[in-house]
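So this first bit is one chain, no partners, the form predicted alone, shown in structure tokens.
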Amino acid sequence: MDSADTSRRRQFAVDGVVALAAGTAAVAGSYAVAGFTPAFVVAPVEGALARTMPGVVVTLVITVLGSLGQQLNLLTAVGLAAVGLGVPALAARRGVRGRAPVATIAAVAGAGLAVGALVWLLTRSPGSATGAGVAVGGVLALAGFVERSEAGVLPTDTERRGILAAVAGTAVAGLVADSRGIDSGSKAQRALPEGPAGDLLREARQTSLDVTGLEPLVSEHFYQVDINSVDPTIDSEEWSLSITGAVNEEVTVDLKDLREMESREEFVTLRCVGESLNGRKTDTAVWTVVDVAPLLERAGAPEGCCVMLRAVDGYFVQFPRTALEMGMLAYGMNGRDLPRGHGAPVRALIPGHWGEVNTKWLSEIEILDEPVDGYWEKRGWHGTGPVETVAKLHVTNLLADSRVEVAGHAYAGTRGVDRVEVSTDGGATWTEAELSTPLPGEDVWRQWVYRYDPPDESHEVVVRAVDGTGTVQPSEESGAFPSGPTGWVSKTIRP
């Protein structure tokens, strides 16, 4: 290989590195302006990946990787966006080599405009497009400056001004970062609000068992599972909900209409259908709700077959119409407005059903004459039915008196939890655990705790719940796919 070929290969590699850096800078510039909102250029890319991924891959990701799967999808989207937005930068680098400085500046500006146009097409956000375009221009200008300096060629005044303008533009983009990308609503606030919600939160604190390491009855960190990594940002003043389909008259309401309806504060527990048997995607909050039934009556909705809930982010879920009779619309959480990450301005709560039915960012309730596959059914899942009963074992403490303390939560949907039984000999014998006092509500979990004198050898602790109908939690273990995890939870305790 002669020196000319070596030089060309080296230059091509340098161009590729600079282009990738420019694409990465474009992603960063978009984020600097838009934050973690739908205007962030990665959001539509990640959403497209989530919607086109084959069902078998979705199932593998959920059951094997859990929450890491969504993070991997987000990282993949970041990489694709960086590569795609780096293409105009690569074209600019390859097209102006050896030309006059003015042509180079024009090419840099053209690459920035091309990237800005691509981002605008994806997000329809002028700010996000500007942040990405300016960032690309800044990287290309800086790379050209470094290369000319290494070659001993001093930059012209025009080039200096171009570099300074690009850097200043990038800095301005960072300064106008959109704080709406941060959503801290998933953590229960420690300062209790006034009014009925505050009263219920105080009741939950007083009722929670005093066990080190055991999550209280109102969750401090409420889990979030969505089909997208970037949550929608919805103007509550523009939001509306329509009741459509097999109805006598379509009904549309806005947030003001809902707030004028009779409301109440209510404890409701949600459990994710895709969690592991002893997972931590089951949580409880106090929700500000109104009933769906009056709206259905106004629309003249028949009892019918099924219902489809549709969300602003493209999610849709189908389940039996009868389940909607107890359905609620929530616009508050723990005494405050519903957080963006939990479906603001309004989400559905369907008592006793898996979390996937409790649709966030709700926009439509469609009454169906016959079943239609929802988002998850199209991917092989069937987790829209009533939740499975479970007693979880999350805490193991060694007490000062040498006893062992085991504890966790138990949940059985609207059937309620009658008791939790614990075995310290692998399931041969059982003893009732202490339960927290039931919180008011039709669909609420309970805490349990059991203390015992351990043997001098390793032993297996097994827990099971008995629901309000007297039915014992099934012992046969199954994974999350396709209808939610079942089985007794066990743990080996070593002396």
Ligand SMILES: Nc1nc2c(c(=O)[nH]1)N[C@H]1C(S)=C(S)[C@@H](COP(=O)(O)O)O[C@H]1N2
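For every residue, the number given is its place in the sequence shown, counted from 1. Remember, predicted model here, so these are calculated numbers, not experimental data.
This protein has a second form, the form predicted in complex with the named molecule, left out of what is shown; the following refers to that one.
- Not displayed here, the named molecule is approached by residue 359 to within 4.5 Å at the level of heavy atoms in the predicted bound form.
- Proximity of residue 355 to the named molecule in the predicted bound form: non-hydrogen atoms within 4.5 Å are present.
- Interface membership of residue 415, defined by any non-hydrogen atom within 4.5 Å of the named molecule in the predicted bound form, is ruled out.
- A residue is said to contact a partner when one of its heavy atoms sits within 4.5 Å of a partner heavy atom; residue 226 meets this definition for the named molecule in the predicted bound form.
- Judged against the named molecule in the predicted bound form with a 4.5 angstroms heavy atom cut-off, the residues 272, 313 and 376 are in contact without exception.
- Put simply, of 127, 79, 371, 341 only one has a heavy atom within 4.5 Å of the named molecule in the predicted bound form, and it is 341.
- Of the residues 319, 331, 381, 222, just one reaches the named molecule in the predicted bound form with a heavy atom at 4.5 Å or closer; this is 222.
- With the named molecule left out of view, the stretch that reaches within 4.5 Å of it through heavy atoms in the predicted bound form is, among 342 to 350, 261 to 269, 395 to 403, 130 to 138, 342 to 350.
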